[in-house]
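Just the one chain here, laid out as structure tokens, in the form predicted on its own.
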């Protein structure tokens, strides 16, 4: 197993031997109706409570309900956990749980040689084998000899375990994910109590369903304890991670982003209106915020994308902070209205949870291909700040910063996340909100000499006055306005001045954001690996491993993409080479080359899957060869 040298130690509590591991990657895979996401989530919670550091990768099929047993209907959940810092969901899989032939054929290539494959023999019938394009049963024909194979007829086992509850054949088989979870909990020496409590809570109104699932969970665990398992199938011991003291919880990017927006609203002392239209993978943000009305958040599900962004802009005009979100296709529909917000100089937070494209593309897969859209994807010269979150927990701070920039500079702010960050989870050290500096909004209240074009001389932000306030009545809009009065103006010189002012306002933000720091390594050297967004985890691990091998490489990760930190050019100029891994065809690398005239090189991946650590490690070694 990867970096996992391990001595077998006797464990008196188990009939088999146990094996000590520093880290391990487990992947659950089955039909979208097999409950793999629930299984993975429960195992993640138990692992987090145990004290391991971890990262997860829920891998959803694009079909809402693909035919059972089909390869394009496979749903998977991967978790990488260990006793050291974990920043990615892992590369090669050490333990694969395959609930049917389709899950096996679509995931087997990820398993390390000698890895453990747990297969539900009850699903490997002629019909399912044919759907997965198998000519013979791989559990019997020797094609899996390179792996340790644990074949169990889980169908039969779970039917026997829940027989007393008289659920019926179909309903009884729905418990097979809990039977499998019980076995895996035994395999990694994890307790069952938390999962049992979750089942009792989830099915509080259907105690017979809860009890059946608990019985299946216990039966799977007991099977591991009592069955005579094949040689090499051991209990795995993964020690607790050494982490900073404090209160932790497991969080995914959607949750952290919602809480960050709420925290930003509280720090700005302003009400929020979140308006959006459902789209994968961005819909979860609406769900998360709709449940938090006690924090001065109003949510609005609009009839379409354009209505959503216009409602958010209207809220900002009225004195709340408008927030809208979508994925790439929806952002495209919102662009005219975003340009209106730039022209009217109103604060607006636009969240883009990127997915595979173009068009409908790969709605449940991840990509970083909307960066150029964020920079340039509007008509006219419409500059706006662009920032990106790098991990699920980082979404909290990035959301606060988006609120700060939008309200201070009276501008739309584009916040880039992606499908991986949105759905992936990791332990999060819950911060003390008192550690964050407040930035309360100051509405203009003095009617003396008021007009809507008055500006702060430092930030260049125009004043924000609530319409309808006596003496502060005003109008704004998308037609060009006089720099002096705010009235409609078609004067050519004035348009030049307004265009330059909007550009200067955004450019000036570079003085109000942190200097760019090196995430890992030295401030100069032979190679800088520059990333943004969700590539943080694999880049960080790849650079870390290469540095342990003595290679001169550093990791630079950019949160502030427009404008760039003031020192970024000087920092990158201190390296002989610059490598930019991106899940697109090379967008940040184009911007860096054009902005800084540096000979940056791209490493591009557009498969809908995150980078593997080894892909970046190999590229680093090739650059330094």
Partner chain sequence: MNQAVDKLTVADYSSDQEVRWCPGCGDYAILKTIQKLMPELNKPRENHVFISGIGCSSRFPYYMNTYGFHTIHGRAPSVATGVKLANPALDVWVITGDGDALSIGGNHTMHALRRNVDLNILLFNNEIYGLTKGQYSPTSKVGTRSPSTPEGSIDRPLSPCAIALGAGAPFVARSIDTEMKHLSAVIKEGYLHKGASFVEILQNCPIYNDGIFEQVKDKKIAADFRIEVEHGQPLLFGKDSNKGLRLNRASLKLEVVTLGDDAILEEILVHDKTNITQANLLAAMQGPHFPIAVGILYHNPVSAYVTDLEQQRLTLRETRGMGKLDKLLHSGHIWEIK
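Residue numbers count along the first chain shown, from 1. All figures in this text were calculated on a predicted structure; none of them were measured in a lab.
The same protein also has a form predicted together with its partner chain, omitted here; what follows describes it.
In plain terms, the part of the chain that comes close to its partner chain in the model of the complex, with a heavy atom within 4.5 Å, is 290-298 out of 536-544, 227-235, 290-298, 95-103. A heavy atom within 4.5 Å of its partner chain in the model of the complex is found for one listed residue only; from 121, 306, 362, 172, this is 306.
250 is the sole member of 280, 83, 250, 451 with a non-hydrogen atom within 4.5 Å of its partner chain in the model of the complex.
The closest heavy atom approach of residue 218 to its partner chain in the model of the complex falls outside 4.5 Å. Although the partner is absent from this view, residue 245 contacts its partner chain in the model of the complex, with a non-hydrogen atom inside 4.5 angstroms.
Although the partner is absent here, residue 48 is a contact residue: one of its heavy atoms lies within 4.5 angstroms of its partner chain in the model of the complex. Using a 4.5 angstroms threshold between heavy atoms, residue 431 counts as touching its partner chain in the model of the complex. Proximity of 378, 406 and 595 to its partner chain in the model of the complex is absent: no residue of the three has a non-hydrogen atom within 4.5 angstroms. Of the residues in 344-361, those that come within 4.5 Å of its partner chain in the model of the complex through at least one heavy atom are, in sequence order, 344, 346.
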